Structure formats: structure tokens, C-alpha cells
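Okay, so here's just one chain, in C-alpha cells, the form predicted alone.
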């Protein structure tokens, strides 16, 4: 089948699912999976060396012909959307079923297909006006999915914050597309690298798409939306929606000229985003909020790679720029896979216990061994530990930065601190996910709900196993994806398309396979030893007490308290401590909350001032004609005073 026919089948299935899925869940699931497979087929043809697909309609929408294009860059992101979108659709069969959510399950199916259709449209649109329309519909469908449980006040607030932030980003994009159309004379999108006067528009691209990508400090919508949305929605928001912001930056930095400082700025923003994202993640006690802030960190890593690519271009197409950029692209896939896996796992925990508060969990590995093992797989991948996929992509980014340092050019001045910040970020990510895994799954159950948890069913486990298998496959054999990466980087920058570059993964040799074999060997040896000699169960983390209880275990706050304390200057935690008093003290307590610093200490105070000014100005509108005449007279007198003073317009 041709690419155009496959994409048409995919769109038709999604549209039919929107219309018929409300009353036929099984039919909807089949159509959604067929749509994902058809889109994957189209992407496979492009990524494996086929020609780009370009189509222009004979009819007009909004006065413009519909122009669609699927090249390697679009196909790279559309592949991620197809995999995660299809997997999450299967996951929802049990997780958000009509039985558990009779009021919102049908809405979920309809809006899910709208979301997939509009996100796919964004990836293939090659007309600025239609791109904006698809982008807006994508934001609106995301809002309705985030607020599926709209009776919850916190969910509604998260939805409104998401919508407001999305529209703030859309304003920047509206300015970008209209200025571009005004200067070029057309809404058509395509390569315009020979128009240096367009370079300043890159800053609008970075701001507009940066809001959606979750760059610090534009990430304010992300933690609340991801934490309060259903877990399959959190998975696609984190795994794919953030990547559409990255897609915009990649797309237009490849089609348009960029300022010379773009590489420096993007690397700097990426390094800061990564470090502060993981600092906030470390301080969270809400499992999904921890994962959300971890996504901010990973977006920072991707931006460092993109910045390395841009910096490589300004240094004469340096090879290290290509390595860093390829690492960023691979991390787009990798983060999409392992973060979706982690959100699915968190959803299983939430489905089984009804809480995402880590201080109320613990010991779940006994009741939920599959979920515990799959969460651990995702945690190893997100910490970039070999032999999983997170290591492969970060390896490329590090290689590019190290080569930039040894090139003895001005790029070393930004590559060196970026390496240091990435290393610190990686170490903190390890602490954060050891804390999450240990607090939720190890030790003893802290509450009755944790004690009576149950394992997820096969419809929820299947998608998690698929994503875990992808993490393992890319981690063990990253050399398989290198030809695809070279094709995408060649399309992004045609100067990189001709040269045959040896895969940097060949330098790893069989190290990933050896590490994986060693891990499997140790696990099998331990199991055999336990089976032969038996084992004695003890309460984990008894802290040296003779009669420990589950409440004496390390909590998430105590586990990461020291590392989080290094960032108190930005976290600004709120603490309320009641100390024990007297020889026989009564109850003592410590309550700690980490606010959304940028939102609560930055944007909200400014918003309050603007609201008060607006309220005061609104009083001028009262309906009394005599006062309106007085305003006109005062205005004329003011103008007369300016003219008398010699002020010229």
C-alpha cells in the first residue's frame, strides 16, 4: 500500500472511532489499533529509505489548499505517536472501562481519537494556517482528556492551567506563523534556509513550542496536568505531547535559518531545565508528580542534544553536532517509551490502591510483582543505566559534547558546563527513582490499602510489556536504529545526508549484552540459592529496632531529603513541625509541602496585581453619560497639554 493510502486508512479509522466508539468499545479499540498500524506502515516506508510523501488538495480549507507532507523527521515523531497511542488504547480497556467509569469512559474514547488525529495532523501539516488549527484542536482535546473526572476541583484547576498555558504558547506560534507568512507571502511551509532575514523568528519558535515541551520555567502546566489526568492520558501527554513541542523546534530549526546564538541558548536552557526538573522531582511525594517533573528533566536532555546540533552547524557542520543531535532524536523515542511505561505502572498502582501518595504505599512488590518489575525496568531506563535504551541515547549526547570539548573550539566553553550539569542531573535522577521504587514497592505496606493491593490485569500488563520490550531491544541493539537516525538527521540538515558515518554504537561492542547476561545470571543464581537453601523473611529497613513497625521505614521525604535540601533556594518548601515535648511526649508531626515555585511565587502574584488593576479600571465603565463626557474632556485636555509642551507623535 502507498503512504498516502495508509495515512488515509489511519485517518478514516480514527474518525470512525470518534463516531461509533461511544457505544462499541471493542469496535473502537480495533479501529484505533488498525489506525496505529497503518500509520506505522507509512512511517516505516519513509524511515527505511522510501521517498517522502507530499500531497496537495484541489479544494481549499480557510482559503488555503491542504498541503500534507511526511518526511523522515515527521515519520520519526509519528512512529512514537502510533506506538504509544495504540498501547494506551489497549491499556484503557481495563483501566478506564465503562464498568469503572460509566460517566466518562465513552467521552474518553471519543476524545482519545480526536487527540490522536489532531496530533498526527500537526506532524504532517505543511501549511501554517492549518498547522495552527490542528495545534489548537490538539490542545482542546488534551484539555477534555485531562478533565475526564471534572467533578474533582483539583482536576478542573489542572485542566484550566493546561489550557491557559497552551494558549499562551499558541499566541507565540500565531505571531510566528503570521510574520512568516507576511515575509514569505504564503502560508506554505517548507525549507527556507536561504532567507537569513527570517532567523530572528527562531526565538518565537523556541518560546511557542517551548511551552508545550515544558522548558523551565514555561513548564508550569505540566506537573498538575500529568498528576491529575488519568494515567493513560498522562502517558501520552508526557511520552508524545511534549515531543510535539520538540518536533516544532526541530522542524523549524531545520527549515529556517537560525541565529548564531541559538545553539548556546538552547544548550543552556536545556541544562538548566534538566537540573531543576530533577530537583523538583526529587522533592515530590506524589508518584505521578515525581514522574511529571522527571519529564521536564528529560526534555532538558533532549534540548542539550538539539543545542549541540545547532552549535555544530555554526561551527561548519562539525561531526560532534551530528552525534549530539542524533542523541536528542533517539531520546525522543526512548523517553516516550520508558516514561509511558512508568505512567502505566503508576496507573496500575493507582488502580489497585486508589492513591498516588507514596507515604501510604510500600511493599507492593509482593502483591504486584509484574508492575514492580516493569516499573523497575522503566526506572533503570530513565536513569540511563546500561543495558537499557536511556543509556544509548544519552551516550550519543555525551559523545557529541565530549568531542566538542576536544575540538578546542569556542564550543568547548558551553559543552564543558553542559557535561557537568548533565552528570549531576543523572546522579539526582538515580536518587529520585531509587526513592520512588523503594518507597512504593519495597519494605512493608504502610497502610491497609497497600496491604490489599492487587495485580493489574492482562489488558493493562500487555502494553507495559510491549514498551518494556522496546526499551530492552533498543538498549541491547542500538545499532539497529542508527540507519534510521542518519536518515532523519540528513533530512533535518541536508549537509549531513551524503556522508557515510560509522555507527558510534559499534564502540560499545557487546557491552550491553554482557551486562544484560550478567544481570540475568545473578538473578537466576539468587533464585536458585533461595530455592535450595530457603529464605527467612524480615521487615525491610528496620532501622536497628528490635520490634520495628511499618511506620519506622524510611519515607520518600526522608530518603531524598538531603539531596533535595541542596535546592531549597528554588524549591522553597513549606514546613510545619510539631516537636515532641516533655518526658512523655504526645504526638509530634512534620508536614512538608513543596510548592509550584514558578507558579505560586512568580506568576500568581503578578496575575493578582494585573487582576486588581483590571478591576480598578473596570469601575470606569459604569453607564453614567456625564462621566464619559468628562473622560473625553480630560483626554482632550491631556492631548492639548502634550501639544503645548511640544511633544511630537
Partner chain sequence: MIAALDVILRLAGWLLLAPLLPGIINRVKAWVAGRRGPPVLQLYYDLARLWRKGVVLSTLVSPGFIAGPAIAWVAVLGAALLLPLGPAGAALGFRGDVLLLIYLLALARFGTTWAALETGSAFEGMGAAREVSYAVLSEAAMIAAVLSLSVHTSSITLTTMLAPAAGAGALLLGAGLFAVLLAENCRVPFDDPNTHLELTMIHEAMVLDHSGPPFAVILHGAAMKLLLFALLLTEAVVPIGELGWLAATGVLAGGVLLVTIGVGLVESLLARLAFRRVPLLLVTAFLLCLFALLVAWRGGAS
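Residue numbers count along the first chain shown, from 1. Remember, it's a predicted structure, so these values are computed and weren't measured experimentally.
Keep in mind that the form predicted together with its partner chain is not shown, yet the notes after this line are about it.
Proximity of residue 566 to its partner chain in the model of the complex falls within the 4.5 Å heavy atom cutoff. Not displayed here, its partner chain is kept clear of residue 217 by more than 4.5 Å at the level of heavy atoms in the model of the complex. For the chain shown alone, residue 123 is not a contact residue for its partner chain in the model of the complex, no non-hydrogen atom being within 4.5 angstroms. Interface residue remark: residue 457 is not counted as part of the site for its partner chain in the model of the complex, having no heavy atom within 4.5 Å. Taken together, the three residues 385, 408 and 515 all lie with some non-hydrogen atom within 4.5 angstroms of its partner chain in the model of the complex. Only one segment in the set 240 to 248, 99 to 107, 347 to 355, 441 to 449 has residues whose heavy atoms sit within 4.5 Å of its partner chain in the model of the complex; it is 441 to 449. The partner is absent here, but in the model of the complex a heavy atom of 523, alone among 179, 480, 523, 469, sits within 4.5 Å of its partner chain. Contact with its partner chain in the model of the complex, defined as a heavy atom within 4.5 Å, holds for exactly one of 559, 221, 492, 138, namely 559. The partner is not shown here, but in the model of the complex the stretch 353 to 367 reaches within 4.5 angstroms of its partner chain through a heavy atom at 365, 366.
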